[in-house]
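Both blocks below hold the same protein chain, though in two forms, and each is given as structure tokens: structure 1 and structure 2.
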Structure 1
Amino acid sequence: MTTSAEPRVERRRSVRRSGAAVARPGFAWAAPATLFFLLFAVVPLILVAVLSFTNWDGLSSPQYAGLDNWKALIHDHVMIQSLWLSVLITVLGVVVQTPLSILLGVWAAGKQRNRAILSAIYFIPLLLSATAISILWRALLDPNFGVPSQAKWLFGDGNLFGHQTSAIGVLVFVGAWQYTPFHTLIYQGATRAIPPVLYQAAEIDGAGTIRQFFSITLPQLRTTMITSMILMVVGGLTTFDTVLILTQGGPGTDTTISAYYMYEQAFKSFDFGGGSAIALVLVIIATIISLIVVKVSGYDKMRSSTEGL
């Protein structure tokens, strides 16, 4: 005699079998991306970690050096200064780019006249390489032939690259000029995903544009904001080509950030062991800061901002 519970049990088994059948191809689809990540991220990182415990000039065979490279970093005042400069430039980049990106992204998501044309023009820096942009601004800000030489009432002696404060300001400005369009694009897409019904309800309640921005738009962009900030942190800590072309770490070592110092150690001093140690420190710091941002913001516990709508 067949009970009523047996069909239900059979249906559950069939669901489990179908779910397993769907899950197995999923691993196959993820295999290429996983293999790519292992080959070009995990394996190089392991090799860098191994090299950080060796002495290697890039030509002869690496020689095991124990903790010598790490001890040298602890007592290297240029390394300590470079870490501080890296964090400073990264924080300034986040502070400058975040509000600009949000405002421009919200504006670009609207229906203003000529919005699409203006947005396309604004996104042009995003299509250029960091090297080309750095060369462009290096020429424009040249103290002898550039804009500062013709506007000394604004730039003083015109040598923006000759003082630490102004040189850092140039690096932050050029970075914002290039990468703010990228983050603007992220915020534009996130703003368009906000349900219009929220704004319609706010209008019925008498909320104006500014009130809607702070009460609806910003809270709905919270998860996007955290993602954008993490990208800024990682990008800021790994900035290299901009410093190489604009300041070469100068004046002196006043703009020698960790990524540039790693280049000097490895490719100028041929100390690839020390350079690998610096690279590993950068990876650790970027990971720690990203985890702190995620933890403090509660990003790991967030649910969908449109849940229940």
Structure 2
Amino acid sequence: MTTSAEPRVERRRSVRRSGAAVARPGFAWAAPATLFFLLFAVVPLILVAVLSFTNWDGLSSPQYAGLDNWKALIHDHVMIQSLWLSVLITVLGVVVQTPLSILLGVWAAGKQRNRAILSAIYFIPLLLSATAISILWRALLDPNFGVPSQAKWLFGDGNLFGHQTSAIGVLVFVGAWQYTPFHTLIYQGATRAIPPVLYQAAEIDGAGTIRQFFSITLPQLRTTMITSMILMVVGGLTTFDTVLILTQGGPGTDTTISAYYMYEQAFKSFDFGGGSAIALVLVIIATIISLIVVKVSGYDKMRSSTEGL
């Protein structure tokens, strides 16, 4: 590259120089993003807030209903249950996916034989849409024609979608199957960024592989874990497509998580007012959770973990 014509290099330099002259990026740089954010996040949010005080079936014009939707929501046991279910599925998701993706990520960061090929195969679920994955698993878990019919010792009568525990288990499993590769990717990158000096020093001190993993790798991955967990929490709270296709909130309302309940109220019962109220509750809860996570993790004043090296 550097052997090419002199003038081009000249020009590039001049461009860079004039860019540097702008000093701090002004508001103009943020304008496109701000505009999109206003248009696609803030405006709909305001509309939803307004709708939550109306009765609207999506056909005629909305009727002002005062606090009716909110009063109904407070006494709605399905709504309260759905919040717990959302939290449960999120927590289970984090608990299942974190250890798996750390182990896989650390493994994938190494230099073993066939590692690249195996990793590539393992990342495939990440490329599929959640809908396709859910349809696939729904078919695979059919009690009469799917895997359960061939493995009765494990699945019994195969009524996976007929009990709350097994239905939640399926949701968590499919979620993990889909998203673990993504978090593995994050951990792989982070592991590779750990300075090799640390391991060399540990080896001299006589630390084995397991000791190295717990004393160097894990502490060095701390900030990555927080990033990954925040993504898992956000993903868990907004789980929707897997529920829609795999369980439809059933049996009964046993897997009706908040995001699905919102959809059900708005687009199946055509009560857009009630649906909007649920949506607002979700927004508020998600905001509170992310504030807590940021505070607790120190994400806002996070320091580099390679400090002092």
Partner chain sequence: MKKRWLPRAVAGSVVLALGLTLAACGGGSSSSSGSGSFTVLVYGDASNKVEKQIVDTFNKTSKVKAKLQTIPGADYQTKLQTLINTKQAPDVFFNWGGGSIAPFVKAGLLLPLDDMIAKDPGLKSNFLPSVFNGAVVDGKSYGIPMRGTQPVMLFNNKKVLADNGLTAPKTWDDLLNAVKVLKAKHVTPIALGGGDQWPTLMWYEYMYDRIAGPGLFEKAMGGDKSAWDSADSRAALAKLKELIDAGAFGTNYDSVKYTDGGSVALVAQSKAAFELMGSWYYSQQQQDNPDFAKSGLGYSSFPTVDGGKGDPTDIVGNTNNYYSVLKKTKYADAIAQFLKLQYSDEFVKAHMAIGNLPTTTSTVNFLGTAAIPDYAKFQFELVKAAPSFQLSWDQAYPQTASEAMHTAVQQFFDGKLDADGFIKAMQALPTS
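So that the term is clear: the rigid core is the largest set of C-alpha atoms that superpose within 1.5 Å between two forms. Please note that residue numbering is based on structure 1, beginning with 1 at the start of its sequence. Note that the structure is a prediction, hence the values are computed from the model and not measured.
Note that the form predicted together with its partner chain is the one shown as structure 2, not structure 1. Relative to the superposed core, Thr253 undergoes a C-alpha shift smaller than 2 Å between the two structures. Core-superposed comparison between the two structures: the C-alpha position of Trp56 differs by no less than 2 Å. Here Leu244 does not count as shifted, since its C-alpha moves by less than 2 Å between the two structures after the core is aligned. Core-based alignment between the two structures gives a C-alpha movement of 3.0 Å at Ile46.
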